[in-house]
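First, one chain by itself in structure tokens, the form predicted alone.
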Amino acid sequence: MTSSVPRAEPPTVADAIEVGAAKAKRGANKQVRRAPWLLLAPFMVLFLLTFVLPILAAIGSSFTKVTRKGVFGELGVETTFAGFSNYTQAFADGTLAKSLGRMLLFGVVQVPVMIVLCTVLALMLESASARWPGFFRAVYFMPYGVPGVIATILWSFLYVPGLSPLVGLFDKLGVQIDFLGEGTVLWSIANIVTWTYTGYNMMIIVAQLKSIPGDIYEAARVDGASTWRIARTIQLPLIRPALVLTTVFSIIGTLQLFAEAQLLQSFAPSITNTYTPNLAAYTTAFAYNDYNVAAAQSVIIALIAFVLSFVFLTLTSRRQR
């Protein structure tokens, strides 16, 4: 007896095409899944090297203590775990706390003034009756293109007695004013910061204003709404995200204040080496060569900036609800 075993039919051309198409589809899906990671890879590498790694290094350094053996460290260097002693030392003399309090006062006054000013400028430029808005946007934005060092030097010519035409004018009027005095130098710095960053924040708000549909404006005008009514009931609520963003940027920038204070230090004796938190950390690192305490001060500044930003975002989100 012969057993009949069913023979497998040879694959047809259609089957081969179907198998090839399935393989090609799987390969295409893999390439699609890989494409975003390949495109993000350069950014992720730079992000890790220039952002994440320095933060981790600063945090690690803030918990260590470097001891140099010998008069000049010729016998070697010993690194030990210091716990929170660097953070305790950062607050030991009270100078960091004073500089943080000074910047808190600076931010409470300067940030609202700048946000109100840039909002008013943006609303004026985007109003229907505005003339040459492109020209004035460029003019208002131009100070942001000036580096902070150059801006401070330019303003110092208006602050320093003997050079400033404003001081000479006030002297002729019988008014004694010292822009670099102990009670006024902080607000002189605030003026430089406001002059520099108002145009930048204004452009963010202008971009948000341009995203508002024109139909909303037309409906409001048909209902007889005035320019002030449109700004108050339509534009201001709809640009809320831009206002929140610019405020957060300003809060962070307040704690990062450095160049203006350092440059005016040579003209204003009231500006000490610990006048701002960043200047205090810089002095600790490069004047006293205590990099571990400076790292602790930097971490403290970053944490305070994070907490203030988080609290502000939390409060604004609750009001929005």
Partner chain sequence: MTAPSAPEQTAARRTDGQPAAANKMTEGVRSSPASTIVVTGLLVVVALYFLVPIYWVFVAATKSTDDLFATNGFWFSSDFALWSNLSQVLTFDNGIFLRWFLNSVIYAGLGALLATYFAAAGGYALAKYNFRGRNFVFGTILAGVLVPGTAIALPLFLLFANLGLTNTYFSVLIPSLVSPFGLFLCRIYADATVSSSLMEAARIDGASELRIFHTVGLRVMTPALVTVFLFQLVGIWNNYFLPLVMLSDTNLYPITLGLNNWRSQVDRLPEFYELTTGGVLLSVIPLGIAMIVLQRYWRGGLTEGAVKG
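Since the model is a prediction, treat every value here as computed from it, not as a measurement. Positions refer to the first chain, counted from 1. Superpose the two forms; the largest set of C-alphas matching within 1.5 Å is the rigid core.
We do not show the form predicted in complex with its partner chain, though everything after this point is about it.
S.K.: I'd like to know if residue 101 sits close to its partner chain in the predicted complex, meaning any non-hydrogen atom pair within 4.5 angstroms.
M.R.: It does not: once its partner chain is placed as it appears in the predicted complex, residue 101 has no heavy atom within 4.5 Å of it.
S.K.: Can you work out whether residue 191 and its partner chain are in contact in the predicted complex, taking contact to mean some heavy atom pair no more than 4.5 Å apart?
M.R.: Yes.
S.K.: Give a yes or no for residue 129: in the predicted complex, does one of its heavy atoms lie within 4.5 Å of a heavy atom belonging to its partner chain?
M.R.: Because a heavy atom of residue 129 falls inside 4.5 Å of its partner chain in the predicted complex, the answer is yes.
S.K.: Decide whether residue 116 counts as a contact residue for its partner chain in the predicted complex under a heavy atom distance cut-off of 4.5 Å.
M.R.: No, residue 116 is distant from the partner.
S.K.: So its partner chain isn't shown here. In the predicted complex, which residue out of 147, 224, 174, 94 has a non-hydrogen atom within 4.5 Å of it?
M.R.: Going through each option in turn, the one that passes is 147.
S.K.: What residues of 203 to 221, in sequence order, lie within 4.5 Å of its partner chain in the predicted complex by heavy atom?
M.R.: Residues within 4.5 Å: 203, 204, 207, 208, 210, 211, 212, 213, 214, 217, 221.
S.K.: If you line up the core, does residue 37 shift 2 angstroms or more at its C-alpha between this form and the one not shown?
M.R.: Residue 37 C-alpha, core-superposed: shift of 2 Å or more.
S.K.: Comparing between this form and the one not shown on the rigid core, is the C-alpha shift at residue 128 2 Å or larger?
M.R.: After core superposition, the C-alpha of residue 128 moves 2 Å or more between this form and the one not shown.
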